[in-house]
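Just the one chain here, the form predicted alone, laid out as structure tokens.
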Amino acid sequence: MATPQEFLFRIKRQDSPDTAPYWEQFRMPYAPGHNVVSALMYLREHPVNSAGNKVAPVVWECNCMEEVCGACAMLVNGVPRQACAALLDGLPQPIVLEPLSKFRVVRDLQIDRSRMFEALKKVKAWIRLDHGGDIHRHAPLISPDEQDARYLFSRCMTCGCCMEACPQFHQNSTFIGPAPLAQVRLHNSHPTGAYDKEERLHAIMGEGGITDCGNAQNCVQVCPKEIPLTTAIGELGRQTTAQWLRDLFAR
């Protein structure tokens, strides 16, 4: 099969958070093995658009280049995914690159994901190490089945793809989204993390919590790590119901 002579990109740009977005086209010579990030690196070194005008280099974010950090998440041909894992040879042209639409744009393809990080703080998505006594040394063992389940949830890289696909998560909603909910499931199942289980459940039982999920199940379809997000939400539904009953009878 004949290979193309060049790659054509259509990139949605925005000069600052408060300016209007616009589209710009770029071309680069064909070479096998490129992914979107390496193509953006080429365009950074050759910041000339298809009209032949020298422009400001396209801004984007990346780090690990191994689909682990989540920093390079963007819309590639309308699909939320990691740019480092999007090989150009498998993409129809023009290759359309856009920032994730559910987050505040910093510039061009770079977004502000702080809303996700604030949600993780809200649900205490960590294991505290400041408990008194010897609970860490004497914590119960975790079964192999539960280890396997927890490993799936621990793969989350806070990329935002699931949030992008969720119809309930947007700039006008208070829904914390599927990724933080899955972290509640992960940390509640940890023998030491369970000490804060009640507080986490109360955090997701209020405004913007689990009842805001519309069960669209888009999140699990786009997760690059294939995390069983809907399974986590279902389990948390049962946990919050049990917590509500405990709160009711404790009055």
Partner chain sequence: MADSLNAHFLSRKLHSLTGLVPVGGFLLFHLWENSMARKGEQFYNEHVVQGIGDLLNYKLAIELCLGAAILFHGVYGLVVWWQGRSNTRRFRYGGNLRYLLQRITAFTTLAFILWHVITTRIAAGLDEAVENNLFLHMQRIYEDPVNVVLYIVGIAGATFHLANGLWLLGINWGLTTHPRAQKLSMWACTALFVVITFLGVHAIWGFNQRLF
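All values derive from a computational prediction rather than experimental measurement. Numbering follows the first chain given and starts at 1.
Note that the form predicted in complex with its partner chain isn't included here; everything after this is about it.
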>> For the three residues Pro4, Asn35 and Pro92, which mark the spot I'm curious about, does each lie within 4.5 Å of its partner chain in the predicted bound form through at least one heavy atom?
In response: no
> Any chance Asp196 has a heavy atom within 4.5 Å of its partner chain in the predicted bound form?
Replying inline: no
>> Taking its partner chain as it sits in the predicted bound form, is Glu235 in contact with it (heavy atom to heavy atom, 4.5 Å or less)?
In response: yes
>> Quick check on Ser143: any heavy atom within 4.5 Å of its partner chain in the predicted bound form?
In response: no
> If you check in the predicted bound form, is Ser101 within 4.5 Å of its partner chain, heavy atoms only?
Replying inline: yes
> in the predicted bound form, which of the listed residues (Ser50, Thr192, Asn63, Asn215) lies with a heavy atom within 4.5 Å of its partner chain?
Replying inline: Asn215
>> Give me the residue from Ala149, Cys84, Val96, Ala165 that has a heavy atom within 4.5 Å of its partner chain in the predicted bound form.
In response: Ala165
>> Taking 4.5 angstroms as the heavy atom distance cut-off, pick the stretch from 36-44, 54-62, 22-30, 220-228 that is near its partner chain in the predicted bound form.
In response: 220-228
>> Could you pull out the residues of 65-80 that have any heavy atom within 4.5 Å of its partner chain in the predicted bound form?
In response: Leu75, Gly78, Pro80
